[in-house]
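Given as structure tokens, the chain that follows is alone and in the form predicted alone.
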């Protein structure tokens, strides 16, 4: 196995993915906290402020210049919702040492800069630089306001928000403008100091690297100075039992658009670990490919939709049906979608459909190792789960799924929320 991890201190874990498929090394630091309204906006802003400067490299320009001098190394950062957690992600990619024109330890230099960005930010008068905070507040405000520009993504986010109203997963990952206005350089730095003492820290190294890289991590004074912590995050309990819904919620919003955006949020009422694999196959047959029921029956045969498909959100045990449809066709499209759900319950699909779905999933999961970012993301999701499964084992379990198991899942799926965005 090319992956191994080491718990360095309570709440601080090193991960090493050894691969010779790439000419690059990818280093990543993930800071994980619980999703909550009080801090979601601060986390999004903080991630952006940290990239603006370090104690050694006091501006974004200095960081960029240093990376350019390191054979064009690149840095990126962002925030994601992973189950009921909010994750601040920082990445640095560089050429592997063996491809350098001279002998030097570029990997160590990259790790040092990445650690500096996250753990030794630039300060003025004992707090974040006000100019940096104000600039990133404006950038974040534009991102939050701009979420309405992508109507399909907006509709999906609104469906999630309504399904998980007053729950952590319903929060928008970039936060809220009314909360942004309360943040300044002082209270953001105070939050950072408290957060960095309690956050779950995962450090990934991926590439053709020997074990010396982990020793260099341990020898870093920044890492040495980090204290053990009872990390404040949620294990994504993918096996929680969802409550029955007596009547699905129907949410309608109006906006000037050419296509109705229809999102249907489905709950999977099955809390067994093995059910995840059958649900994955179910989703592909329902709407996860060009041969799916949704694509063939709603889009192609009935010509009711420009787009029609579904995706499976494993960490929350939901399937989301997504359609972009002509405005007059909404009722008919909804009726046909419900027919497809009923056909899945009745086992109205073939063994060929099952095999095609498995092939698609196998190819998707198998391709994880073709991208360093995807491989890191996969192993990180294991870190936040109550189950650890290798890529090979995942594929094996997918291929063991039977038609009976898929039908059993189909009978345990309920409509939770119907959201449509109309003209």
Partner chain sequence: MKIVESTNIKEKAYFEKLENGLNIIIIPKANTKKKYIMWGTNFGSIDNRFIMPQTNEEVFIPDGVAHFLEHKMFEQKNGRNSLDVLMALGLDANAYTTNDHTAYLFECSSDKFYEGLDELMDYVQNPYFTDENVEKEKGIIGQEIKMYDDDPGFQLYLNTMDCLYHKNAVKLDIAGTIESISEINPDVLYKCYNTFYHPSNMTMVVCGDFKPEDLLEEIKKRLIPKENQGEIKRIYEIEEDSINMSKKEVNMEVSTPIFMIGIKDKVPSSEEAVKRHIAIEIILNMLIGKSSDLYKDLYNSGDLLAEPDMDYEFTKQYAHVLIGGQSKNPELIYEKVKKEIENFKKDGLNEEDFNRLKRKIYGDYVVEYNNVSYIARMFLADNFKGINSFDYIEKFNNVTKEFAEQILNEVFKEDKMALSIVRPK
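Model, not experiment: these values are computed from the prediction. Positions refer to the first chain, counted from 1.
One more form of this protein should be noted, the form predicted together with the partner chain, which is absent from this view; the next part is about it.
- Note on contacts: among 294, 325, 92, 281, the single residue with a heavy atom within 4.5 Å of the partner chain in the predicted complex is 325.
- This chain is displayed alone, yet in the predicted complex one of 166, 244, 142, 230 has a heavy atom within 4.5 Å of the partner chain; that residue is 142.
- Of the heavy atoms in residue 29, none are within 4.5 Å of the partner chain in the predicted complex.
- Taking the partner from elsewhere, residue 18 is found to have every heavy atom lying beyond 4.5 Å of the partner chain in the predicted complex.
- Contact annotation for residue 411: none of its heavy atoms lies within 4.5 Å of the partner chain in the predicted complex.
- Interface membership of residue 215, defined by any non-hydrogen atom within 4.5 Å of the partner chain in the predicted complex, is ruled out.
- In the predicted complex, no residue of the candidate spot (116, 126 and 388) has a heavy atom lying within 4.5 Å of the partner chain.
- Listed stretches are 335 to 343, 129 to 137, 313 to 321, 219 to 227; the contact stretch with the partner chain in the predicted complex is 129 to 137, by a heavy atom cutoff of 4.5 Å.
- Along 83 to 113, a non-hydrogen atom within 4.5 Å of the partner chain in the predicted complex is carried by 93, 95, 98, 99, 100, 101, 104, in order along the sequence.
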